[in-house]
Each structure stands twice: as C-alpha cells, then as structure tokens.
Ligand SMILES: Nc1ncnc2c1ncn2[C@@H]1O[C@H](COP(=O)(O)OP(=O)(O)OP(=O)(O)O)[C@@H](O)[C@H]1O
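Just one chain follows, in the form predicted on its own, and it is written as structure tokens.
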Amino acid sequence: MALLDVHDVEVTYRTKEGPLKAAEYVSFQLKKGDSLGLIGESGCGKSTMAKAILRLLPDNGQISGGEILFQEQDLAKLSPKEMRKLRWKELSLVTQSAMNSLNPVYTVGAQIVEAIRTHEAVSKRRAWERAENLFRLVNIEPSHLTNHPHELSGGMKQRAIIAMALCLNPSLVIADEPTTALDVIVQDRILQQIVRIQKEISSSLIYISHDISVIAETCDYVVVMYGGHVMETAPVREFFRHPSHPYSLGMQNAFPNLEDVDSELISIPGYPPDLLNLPPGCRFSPRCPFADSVCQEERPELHFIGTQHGTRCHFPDRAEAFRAQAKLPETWTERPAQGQRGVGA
C-alpha cells in the first residue's frame, strides 16, 4: 500500500485575470522508504504540488479537485488544526531558501527544540540532546546550535534546515530545490547527506528540482510535470534509458552527457504555456516537434507502457522513433511556424 497516493489533484489560484489552474489531473504514488523526483521547468506546478500536499497554499490558492491520501487520510479534507498535528511529525519540508525559513532573532538550536517540544512531551534538555545528535547527523559541530542563522554559512544553514525537518523522524520529507543557492561542491555534499539520512530513518522523499541530473542521483522514481500536467512517470532508470514523452526527450537533450562530452546540447524552442490561456489539446503541443492535429485539439490521457511507466502522449507506440529523431538538432529547429513561439509568448 502506498504511503502517499495523489489522485487527479487540481490546484486553482484566484487572480485578477480569472482562475488559474496551476495543477490539473496530477496523479502519482509513493511507497514507504522510496524517493520520488518531481521535475520540470519553472512554473510547471512542482512547488504548487508540494504546498498542496502540506496544505501550505497561499490564501488565493485551493485544492479544487482530487484526493491526497496520506496514510489513508485525505489531506485535502483535514482541518487546519489536524494538519498542524501532522506537519513536522509526519510531513516535513526542506525549502530552497534557508535564511527565509529560520527566525533571525532566535538561535538555531532554540528553533529545533521548539519544533520538537511542540509535538512531543519532552524536557528542554532532552530536546537539546536530540538537536545535538541531529547536527552530528548532518555533519555540523553541535556547538553551532547556539549560533543565530546569520552566523552560519549558506551550506550550514541548509544543513540546519535539513536537521530541523528530520527532528521528529517524519514519514515523508519534501525537499523543494534545497541546494539551488549553493555552489556545486556543497550541493553534492548536501545531496549525499539527504539520501543517506533518508535511508537511515526509513522515511520517504519527494525531491523537487528542474535539474534531471540531481533526480538521477537521488531518486527511485521520476514524475515529469509541464504546464500543470504530469507528462511522464517512471522508475528513474527506465526514465533515463527509455524516455517516452517528447518533453522528456527535450529535457534530456538539454543536459550534458558525461559519457559523450562531444554531443551537442539541444534546447527546446518556445516558451512554457500561459496558464491563463492554455492550449485546448496537449499542453506541450505548441513546442513539440512531433505534434499532429489531434495533439492540438484533444487532451491526451496518461498511457501506461508496462506497469510503472506512463506517458501523457497520443502516440505512446511511437516512443522509440521519437527517441531517435529527438537526438537530431534539426528535429527541434525545423518547426512549423505556429510552434515556434509558446502560447504565452
């Protein structure tokens, strides 16, 4: 049985221009102890889904459809009080901006102790001892617990946030681009620590990123989002060996291949869709080199290739041919005039 079962979730924001659907028909599952990567361009709905799961959407946002089943309870139907009991203890978040997540007027240790004592009846001394153990776990000297956030380096602050997210051994940790503002060496160290600690405490992980190389290193499964839709979902090895959706093919073309350093990087022409003015068919059709008239008129369903690999494409049977053609730069440059510019351009 899945720890988390997201089924046909829709998230809508109220705006001056009208309702904006930031996520629609989003479905995926996550088993206990597994890790899942949510990937896609900025604005595709990744962070919106994280906020929906944690019930941290802004005032103008709401879960307008679907179910978010966590340990068989629908999070979308819980009261704010019931959700507060679950956050930190069962569901925790590692954000990308550590400085904005830590209170600047309290020491880091005081903030971790407060999170522990809010959910568990333990003494300050016992909570402090746990905070010390957490700092050792993320390779920070426990003496830094008495520091204020501004006294720590960027990497140390990010590791402190990880320690805080793990202070109650949550069943599910959501990491929303936690290494974005760090240099590559610190990024790699923190990624290794996240994976190691996740395995040690047997928690499940949702890792949100636009960087597919990070997902390859940290996750068991991949969910690709574009324009608020899930475009492809697969085990991570299957995804990198046999990507099936044209958007996934384009993403992989745009990242360097260490095994083929002379290969040319190919970008996807156009722009992500305007969520207030969405195309009637496939969200990716204005940028897709393989789009046909049906793609522009009808929304594709998520077709499964085997038991775990799904693609939201009208032509799942052409995936092998698409993979071969997508490696050619002219496939992406020789586009019909209507597809040269994205819907929101």
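Values in this document were obtained by computation on a predicted structure and should not be read as measured data. When you see a residue number, it is the position in the sequence shown, counting from 1.
This next part talks about the form predicted in complex with this ligand, which is not shown.
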Just one of C282, C44, A52, V26 has a heavy atom within 4.5 angstroms of this ligand in the predicted bound form, so which one? C44
Under a 4.5 angstroms heavy atom criterion, identify the one residue in N60, S293, Q308, N277 near this ligand in the predicted bound form. N60
Look up in the predicted bound form whether T48 has a non-hydrogen atom within 4.5 angstroms of this ligand, and give yes or no. yes
Close approach of Y13 to this ligand in the predicted bound form, 4.5 Å, heavy atom: yes
Are any of the heavy atoms in T218 no more than 4.5 Å from a heavy atom of this ligand in the predicted bound form? no
Could you tell me if L328 has a non-hydrogen atom within 4.5 Å of this ligand in the predicted bound form? no
Answer among 52-60, 294-302, 26-34, 314-322 for heavy atoms within 4.5 Å of this ligand in the predicted bound form: the stretch 52-60
Mind checking whether each of L20, Q96 and E177 has a heavy atom within 4.5 Å of this ligand in the predicted bound form? yes
